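Only one chain comes next, encoded as structure tokens, the form predicted alone.
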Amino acid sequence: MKRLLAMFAAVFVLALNAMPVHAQKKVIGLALASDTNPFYIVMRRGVEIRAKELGWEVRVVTANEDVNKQVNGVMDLVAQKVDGILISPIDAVATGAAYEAAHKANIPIISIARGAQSTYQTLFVAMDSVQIGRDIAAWAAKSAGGKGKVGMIAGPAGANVFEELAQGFKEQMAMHKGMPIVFEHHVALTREQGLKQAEDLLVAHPDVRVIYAGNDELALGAAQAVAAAGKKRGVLITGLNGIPPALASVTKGDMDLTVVLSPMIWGRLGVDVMAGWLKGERPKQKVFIKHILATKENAAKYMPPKKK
């Protein structure tokens, strides 16, 4: 009987060892830039839904625009020996230690939405930030008839995506000599900051014609300030991300433009790129997501369907 039991145990161990590697459940970490921004809330859902479809587990670490907290969160994921990490870095440089830690542990770390200036960044699932900035400026200049002062409420300093967006915007706007940029501030991506900066801009330049905002939250805040000042008819406001409140605002005419990037699709794409990497696929350094300019004429069709 003992020999029989020993034989069954040996066969069981051999069967376990023979199981294919891909049958094991993957565990990935997720470190987004914000816990409260609607864009990142939807992106997280996209990641979790796609991961569930693949039978993967997602472990989320929160940061809410705190760089040190984000780095520490990634360090925790590395210590847990996750299979891969998806991150939207708060700062392109200051998060460098997180990327290095993942690299040393042989864990792929793929940036989504925001990228890092780190040699240890595995891949970047990005938008074509410079081109989007150019497209926003081209639309604004055409809509303003090529004349009028321009104010920029850009995203946080040190975040390469927002620097590239601003770069593209300024490159294109420089082609319109009648539209000088008279105001440029880099701030956190909150509606409160959009409101405050727009109020300051309207005091310094009451005849401003275009307000460029680095994301929809900033743009929605700017729209509040412009409406309170009674200047909506004379000021064009642009945002970015295509979140439902911004699309609704564009449809109503409070904002004038947002760029639809679909954070749900972005989150799913991030998981798919990670899945490919873990299978041995090696795409180019950047994988771009498509973008769409949403104006009053077409914004409504990009609104999410109403719940029944």
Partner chain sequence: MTMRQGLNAARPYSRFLRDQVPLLALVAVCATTAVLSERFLSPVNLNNILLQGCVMAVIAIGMTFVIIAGGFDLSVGSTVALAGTVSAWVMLETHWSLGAAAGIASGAVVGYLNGLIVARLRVNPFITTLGSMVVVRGIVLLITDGRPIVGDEGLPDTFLELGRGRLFGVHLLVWLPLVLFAVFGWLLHMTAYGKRIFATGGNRDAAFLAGIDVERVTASAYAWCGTLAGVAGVMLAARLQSGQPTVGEFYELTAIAAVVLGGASLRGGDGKLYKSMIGVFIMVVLANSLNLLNVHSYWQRVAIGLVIIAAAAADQIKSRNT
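Numbering follows the first chain given and starts at 1. In this text the structure is predicted, and so the values were computed from the model without any measurement.
The form predicted together with its partner chain is left out here; the points below concern that form.
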{"item": "Residue among Gly133, Gly73, Gly151, Gly115 with a heavy atom within 4.5 Å of its partner chain in the model of the complex", "value": "Gly73"}
{"item": "Lys147, Lys142, Lys81, His205 - the one with a heavy atom within 4.5 Å of its partner chain in the model of the complex", "value": "Lys81"}
{"item": "Contact flag, Val93 vs its partner chain in the model of the complex, heavy atom cut 4.5 Å", "value": "yes"}
{"item": "Partner proximity in the model of the complex: Arg59 to its partner chain, non-hydrogen atom cutoff 4.5 Å", "value": "yes"}
{"item": "is_contact(Arg50, its partner chain) in the model of the complex, heavy atom dist at most 4.5 Å", "value": "no"}
{"item": "Partner contact for Glu171 in the model of the complex: its partner chain, 4.5 angstroms, heavy atom", "value": "no"}
{"item": "Glu164, Gln167 and Val287 all contacting its partner chain in the model of the complex, non-hydrogen atom within 4.5 Å", "value": "no"}
{"item": "Stretch in contact, per heavy atom within 4.5 angstroms of its partner chain in the model of the complex, of 214-222, 134-142, 97-105, 121-129", "value": "97-105"}
{"item": "Contact set, 145-161 vs its partner chain in the model of the complex - heavy atom within 4.5 angstroms", "value": "Ala157"}
